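Below, in structure tokens: the form predicted on its own, a single chain.
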């Protein structure tokens, strides 16, 4: 072992410590929702008692107490502010987190293991918002998210169209010629299929892109790389071997921002979900209602709902306060078996 290798290990540990501190403060914000007062002397005593019990001969207990006094002071400061949370699926560094920052940088992004966790957290009031991907130019629609949207009454209060640029990341000092396996989310792997094939790299499926980056940092697998965002390189102290490894230049993912409350601001984009009778011309009649009012449709997606039945998602340009839109929606309600206006909102297109 050399001094350089030791320093690389220290750098990796430092990045993990910083990330853990961030995660701890996020839990502090969640804890606030279950507390009546910020001050909790009994809880602080528990924390310091554990520190004294677990202190070893290498690190002085007094030093650790000083650190935790500052951590607790910062925790109280955070709880005194009215921060709002926006949940995304994946670990920190996921594209969902990047999209949340593009929508509103004042919100605190919170990672969830699954899309179900995002929906349940927003429903319970644990998070003020949730942000989820609904479609990708290469991978198509995100079936699980669209299925969850059918069964929820959340309001769509925003949308972000995000260009997705994948990076090949590895542990610092890795020789790219020795890389054999690449971990990432199945959709990210499919978006980089030709790059992987061309470089004879074995794709290995993982729960999400950022999770793969975190795993590599923690397990330090040899001859291994991950496909993830540039943000992941910084968060997990990984080296960028190559940028923009996606097969097509235009790789866009569209995210919807969900809330229990309706957006009070005027929007320029609307989303609806509906079902029709299972007969010829039913869907055409819906599309015709919009065409008659010269309303531009930007997305239509069918999702299996019940055996032999489909739900349709439809997005269009305009405001639900516009007379043409109001009249078109009124006509659509008359010819559908179920109908819900999901929201009228502003969409952010990231360059």
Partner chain sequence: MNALRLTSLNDDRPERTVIKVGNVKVGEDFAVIAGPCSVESEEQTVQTAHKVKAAGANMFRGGAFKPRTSPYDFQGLGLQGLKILEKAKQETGLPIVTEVTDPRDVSWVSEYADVLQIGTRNMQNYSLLKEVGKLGKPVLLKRGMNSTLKEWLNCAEYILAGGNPNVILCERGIRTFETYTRNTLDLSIVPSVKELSHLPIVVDPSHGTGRLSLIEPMSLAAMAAGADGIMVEVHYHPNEAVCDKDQAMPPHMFGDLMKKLQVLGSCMNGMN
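This structure is a prediction, so every number in the text was calculated from the model and none was measured. Residue numbers count along the first chain shown, from 1.
Absent from the display: the form predicted in complex with the partner chain. The rest refers to it.
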Exactly one listed stretch (267-275, 215-223, 89-97, 196-204) reaches within 4.5 angstroms of the partner chain in the predicted bound form by non-hydrogen atoms, and it is 196-204
I'd like to know if residue 177 sits close to the partner chain in the predicted bound form, meaning any non-hydrogen atom pair within 4.5 angstroms.
yes
Whether residue 248 contacts the partner chain in the predicted bound form should be assessed with a 4.5 Å heavy atom distance threshold; does it?
no
Interface membership of residue 71, the partner chain in the predicted bound form, 4.5 Å heavy atom rule:
no
At the 4.5 Å heavy atom threshold, is residue 240 in contact with the partner chain in the predicted bound form?
yes
Which listed residue (132, 157, 168, 149) meets the criterion of a heavy atom within 4.5 Å of the partner chain in the predicted bound form?
168
